[in-house]
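So this one's two forms of a single chain, laid out as structure tokens and tagged structure 1 and structure 2.
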Structure 1
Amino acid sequence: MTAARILLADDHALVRRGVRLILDQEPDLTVVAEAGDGAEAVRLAREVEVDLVVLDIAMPRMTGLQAAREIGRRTSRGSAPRMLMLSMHDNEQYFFESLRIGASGYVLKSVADEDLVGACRAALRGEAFVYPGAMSALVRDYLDRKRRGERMPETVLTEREDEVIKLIAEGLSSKEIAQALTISARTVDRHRENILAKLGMRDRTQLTRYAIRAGLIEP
């Protein structure tokens, strides 16, 4: 198996180096190019064949979001690479905007050490990496519509998953949910994954469609 080729863009050289070391440590991931701003990322994405582009949002010359829009638009040489946004902002609106412009997910820098590798793999598989803050907005909408008696795709959540989804909707973090239900945070994360899969929010395209329908993303 060949490792997935990654283009990494961040204007802060030391952050870039840190991220690179984390990714290169994984046998299935390898950073093949680095960019120090958005414009350079767009240029490199055009020149170098890559499977995934990891973009910091706050960059000079062209923000990560602008660059992602450019890179996603490029179709001349086959399909555009998958994209993942990296940022400092803990706000679900960035996640929704990322989805809207074609990225697979949004990773908060303060959890990059834990989540980045998993997010890269999910993106490469064509799945969305759902930023935890956005998940509460998504499931809140789901629960609202269910309460209003709208017809929903038939989903069978287990009793535990039902408890977890309600706490997620209230905006609790994995750690807080784990404490509330006296289970481990890892178990909570597994429930989270299962809930997303059952609601059809795992797949990037499906999730984007759902979020547009829910009015969470402007089409």
Structure 2
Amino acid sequence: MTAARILLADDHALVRRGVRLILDQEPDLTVVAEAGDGAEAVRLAREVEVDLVVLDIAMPRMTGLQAAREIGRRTSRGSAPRMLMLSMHDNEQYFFESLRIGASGYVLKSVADEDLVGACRAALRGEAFVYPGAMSALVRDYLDRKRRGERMPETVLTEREDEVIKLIAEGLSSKEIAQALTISARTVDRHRENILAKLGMRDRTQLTRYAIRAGLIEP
């Protein structure tokens, strides 16, 4: 039996080591590449032939969700691997966004030793996986919020605006953001103005709080 090839992306080396130990002891699963952030995961997904990418949601430079979008674009060439999201947070916005961008599942790190192997196998079969406790809690919370008439999770910003707000929240200047995204500083400032207008916010502090809630950075 040929083992499925896995790309593992997490910005914490200890977490990667633990997850790799869980996966590599299974005869049908093997980690063939590791990434320390989302941008590196996208690069490796282009360079290394893999069947499944396991992505931490919150990573520097590019989040797991942003990386998953980029990797998923390879679908048009018929070569996109399956994707599985890892998170420390039981958060319905992360969950629904993970499904929306095409991930096969959502696993909490706190129960990775129990659920990750099964989630990987489900994803490789083309099936969705969310551990039962998370599913019931997420659905119950979603329905309760809808019943109370609260605003439901939705994507407000464009992908580029997500990239800009993440880097703003990480403390980068307009010049540094421009270099990171290969755009002009004037374009960065224009994106910043649009983001503030869309979100009804005034400053970096408010943008940082939004970035944490949206899973773009960790608190």
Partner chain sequence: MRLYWKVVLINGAVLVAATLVLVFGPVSVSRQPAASEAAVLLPGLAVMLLANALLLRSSFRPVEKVVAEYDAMLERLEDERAASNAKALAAQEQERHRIAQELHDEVGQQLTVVLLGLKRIEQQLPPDLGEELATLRESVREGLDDVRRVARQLRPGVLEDLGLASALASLASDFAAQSPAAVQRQVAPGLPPLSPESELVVYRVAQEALTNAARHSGATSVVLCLSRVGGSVVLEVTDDGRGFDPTIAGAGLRGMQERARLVGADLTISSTRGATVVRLAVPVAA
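Superpose the two forms; the largest set of C-alphas matching within 1.5 Å is the rigid core. Throughout, residue numbering runs from 1 along the sequence of structure 1. Given the structure is predicted, the values throughout are model-derived calculations rather than measurements.
- Where the criterion is the form predicted together with its partner chain, structure 1 meets it and its counterpart does not.
- Residue displacement note: Asp162 has its CA displaced by at least 2 Å between the two structures (rigid core superposed).
- Superposed on the core, the two forms barely differ at Arg16: its CA moves less than 2 Å between the two structures.
- Core-aligned CA deviation for Val188 between the two structures: 2 Å or greater.
- Taking the core as reference, the C-alpha deviation of Asp203 between the two structures is 42.9 Å.
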